[in-house]
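Take a look at this one chain, the form predicted on its own, written out in structure tokens.
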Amino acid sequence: MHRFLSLGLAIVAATMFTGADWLQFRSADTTGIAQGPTPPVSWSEDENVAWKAELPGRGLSGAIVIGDRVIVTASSGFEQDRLHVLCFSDKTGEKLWERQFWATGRTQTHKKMCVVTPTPASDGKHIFAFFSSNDLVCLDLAGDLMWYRALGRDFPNASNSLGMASSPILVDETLIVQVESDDDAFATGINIETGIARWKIDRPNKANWTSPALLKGGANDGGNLVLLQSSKGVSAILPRTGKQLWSYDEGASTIPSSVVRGNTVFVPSHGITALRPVPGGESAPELLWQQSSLAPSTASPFVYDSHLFTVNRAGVVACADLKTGKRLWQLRLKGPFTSSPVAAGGHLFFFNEKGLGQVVKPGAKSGTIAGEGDLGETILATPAIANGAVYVRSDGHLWKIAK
């Protein structure tokens, strides 16, 4: 009986949690590319908005999609010390549950940011919500608390007046968390079942808002590597132990994050720097090219098909060849942008700070604006895409854009 029950649950889980889910910042593999049908390329209040849900407070964190659930975090209160994790029905937008916690760490941030800047992560069974106050919460899909880590209590000097923003990523049953400031700076790998650190390593003492990236199969044994970016450069570490295999030490941005395509890493450094790790070794990676004209602003660089895309301070999208870094074309959008672009079905989705979404159809020689939609509220969060729908949030609302 127990064997049949276990088998049934396994089948349900395999059906419910598919590769189409969007499980963390810039998707499960941190590329920002969604599988499945193409979402609408234009929308309005009366067209292609499946639902709109009200949120209790501020948030720059993106939504994640787990089967038929959409998860988002928020903060409320005069001091932003009330932390919210909310779960909505993907079909109807109905709020299924909400959990609230008191922040234990510092909640002061720049007025543009807030305590809810990191995007949550999930393994399809648990929800890991991280906040600028360095509170880390693990819930199951029913909203029941599994464990809670008050990293702000454990490391009170790991904070800054602007706020923390790094989103955790989940790799090999380990939650990778970057907590880096001018005073105390470290990264840690958390056992997702217990909340206990598998490892903790010191990091450069400088404020850093970048998020880790995943390099699949980058280890000597074919295992995964995690890329930690800072002002010093990029470190490639083993997710289960925190051991560093190689590093790039020529400096990097502390806001936009690196992106990976195959075995090549594109780092916001000297504009953009393309690196290829040396197979089977722990030596410094091979430098393929550097292109200063591709320097991104706040939005992270993005790779789609055979092209690299960056967005500068003026809202200009630059498209470059992956192999050489040669700029192929430019397209001016209506900015400014804080959120990073995402892609699905041959289209790139950009949301500017005023709430205007712009959908770009990239080509080999030029890019065109295929459509747009104005949500009329400030949007700073990177959207999620799953099952032919775009999920985007402001401080006040969460939208599902779908046909």
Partner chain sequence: MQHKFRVLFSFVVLAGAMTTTGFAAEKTEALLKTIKSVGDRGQGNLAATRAQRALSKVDAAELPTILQAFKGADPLASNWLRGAVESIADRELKQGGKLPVSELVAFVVERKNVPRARRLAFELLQRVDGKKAESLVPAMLDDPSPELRREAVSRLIDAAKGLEDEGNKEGATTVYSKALSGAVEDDQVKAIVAPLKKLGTKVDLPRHFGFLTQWSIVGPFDNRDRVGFAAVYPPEKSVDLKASYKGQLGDVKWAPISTGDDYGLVDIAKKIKNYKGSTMYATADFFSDRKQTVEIRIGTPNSWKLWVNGKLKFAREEYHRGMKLDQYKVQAIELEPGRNAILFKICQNEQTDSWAQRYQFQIRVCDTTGTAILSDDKLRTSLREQPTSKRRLAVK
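Keep in mind the model is a prediction, meaning the values are calculated, not measured. Positions refer to the first chain, counted from 1.
The protein also exists as the form predicted together with the partner chain; that form is not presented, and the subsequent description refers to it.
Partner contacts here mean any heavy atom within 4.5 Å of the partner chain in the predicted complex, and among 297 to 305, 316 to 324, 105 to 113, 223 to 231 they occur only in 105 to 113.
Between the partner chain and the residues K125, R332, K243, R153, the one pair within 4.5 Å by heavy atoms in the predicted complex involves R153. Proximity to the partner chain in the predicted complex, defined as a heavy atom within 4.5 Å, singles out one entry of D172, E98, D202, E282, which is E98.
The candidate spot formed by Q291, G345 and F349 is out of contact with the partner chain in the predicted complex: none of the three has a heavy atom within 4.5 Å. Contact check for N160: a non-hydrogen atom falls within 4.5 Å of the partner chain in the predicted complex. In the predicted complex, the partner chain lies farther than 4.5 Å from every heavy atom of G262. For E286, no non-hydrogen atom is located within 4.5 Å of the partner chain in the predicted complex, even though that partner is not displayed. By the criterion of a heavy atom within 4.5 Å, G143 is counted among the residues contacting the partner chain in the predicted complex. In the predicted complex, the partner chain lies within 4.5 angstroms of at least one heavy atom of each of the following residues of 197 to 213: K206, A207, W209, in sequence order.
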